[in-house]
Ligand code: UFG
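A single chain comes next, written as structure tokens; it is the form predicted on its own.
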Amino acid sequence: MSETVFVTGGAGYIGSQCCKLLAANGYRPVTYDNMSSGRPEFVRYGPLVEGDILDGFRLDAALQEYRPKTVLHFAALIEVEESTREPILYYDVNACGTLALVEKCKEHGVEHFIFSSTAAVYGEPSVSPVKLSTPTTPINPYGWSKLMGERFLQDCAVDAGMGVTIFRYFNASGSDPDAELGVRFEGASHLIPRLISAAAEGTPFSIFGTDYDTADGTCVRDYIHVLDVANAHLAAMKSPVDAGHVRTFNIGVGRGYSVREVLESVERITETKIDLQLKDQRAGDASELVAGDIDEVVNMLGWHAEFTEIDDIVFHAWRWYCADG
């Protein structure tokens, strides 16, 4: 029998990529998703249980039926701007939902818990690269809700008898290299899918701020391929942490690309010239966010990013756009 892994949010962008990778490595991924933003066609690597992480009865039934030893927790709301408009919703789903899941994991003997966190917990750090020791001072409810989830896990790991791994992703990007899975382009808020949509549809694209303290004046971010994110979870499962212990890693490449550099990559890959509109800076946009302490995850888990060039990430996203359209 294949080892069962319980994947909340397994019908989503990163969760589905993890399910595909798990199945390819002999595991049985069970997707637990309320399908509010997940895609049914992405659930093709194992069973689907439709349910909400705040639904204790549904969680009980699913965990009782499948009895997983490992839980990967992706289910969350992730839009920063939305979190400022609906903070109660974000704290309810992201923070309270994580706590509710941890409680059920304790009741059902889950041994390993891998939590999908975010670089947004760092807020607007004054230094780059961002180290694990950098103060966590989020600037929006989304970041705070994820940091609260981390805090719950730090405090509850011993009581729950679980080994916990926390991954703080930087900018998860790209799509499945096989073009079977990918990001949702409609209504996307992240840079690469928005640029690809602008290139494909011939619509203007706005750059917010060209006077940042960076090489070309535009914001710099660390883009990490979604398959590399998935591989980090597999590496954590193969090198589990002891019960009651919590470890935290930054997941990024350790190198940043500016908005203009990503724009140029999209224009190269799509062979399209994008119509630019230059606008003022937006409040809350840090000039540079690049992952530091990458050697921690390399040394402890043997993980490293395979896709470090922005053109590879953009190419896979563009191929998915063409396949999904």
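Position 1 is the first residue in the sequence shown; the rest follow in order. This structure is a prediction, so every number in the text was calculated from the model and none was measured. In this text, rigid core is short for the largest set of C-alphas that superpose within 1.5 Å between two forms.
This next part talks about the form predicted in complex with the named molecule, which is not shown.
Engineer: Test of understanding: in the predicted bound form, would residue 289 fall inside 4.5 Å of the named molecule by heavy atoms?
Structural biologist: The answer is yes: residue 289 has a heavy atom within 4.5 Å of the named molecule.
Engineer: My question is simply whether residue 113 lines the interface with the named molecule in the predicted bound form - judged by any non-hydrogen atom within 4.5 Å.
Structural biologist: Taking the distances in the predicted bound form, the answer for residue 113 is no, it never comes within 4.5 Å of the named molecule.
Engineer: Look up in the predicted bound form whether residue 296 has a non-hydrogen atom within 4.5 angstroms of the named molecule, and give yes or no.
Structural biologist: Flag for residue 296 set to no.
Engineer: Quick one: does residue 227 come within 4.5 Å of the named molecule in the predicted bound form, counting heavy atoms only?
Structural biologist: Contact check for residue 227: no, nothing within 4.5 Å of the named molecule in the predicted bound form.
Engineer: State the residue from 206, 203, 126, 133 whose non-hydrogen atoms include one within 4.5 Å of the named molecule in the predicted bound form.
Structural biologist: In short, 206.
Engineer: Answer with one of 251, 101, 75, 219: the residue that has a non-hydrogen atom within 4.5 Å of the named molecule in the predicted bound form.
Structural biologist: None of the other options qualify; the answer is 219.
Engineer: Would you mind picking out the stretch of 219 to 227, 242 to 250, 105 to 113, 151 to 159 that comes within 4.5 angstroms of the named molecule in the predicted bound form, counting non-hydrogen atoms?
Structural biologist: Residues of 219 to 227 come within 4.5 Å of the partner.
Engineer: Taking heavy atoms and a 4.5 Å limit, what residues of 170 to 206 are near the named molecule in the predicted bound form?
Structural biologist: 170, 171, 189, 190, 191, 194, 205, 206, in sequence order.
Engineer: Once you overlay the rigid core, does the Cα of residue 208 travel 2 Å or further between the shown form and the other one?
Structural biologist: After core superposition, the C-alpha of residue 208 moves 2 Å or more between the shown form and the other one.
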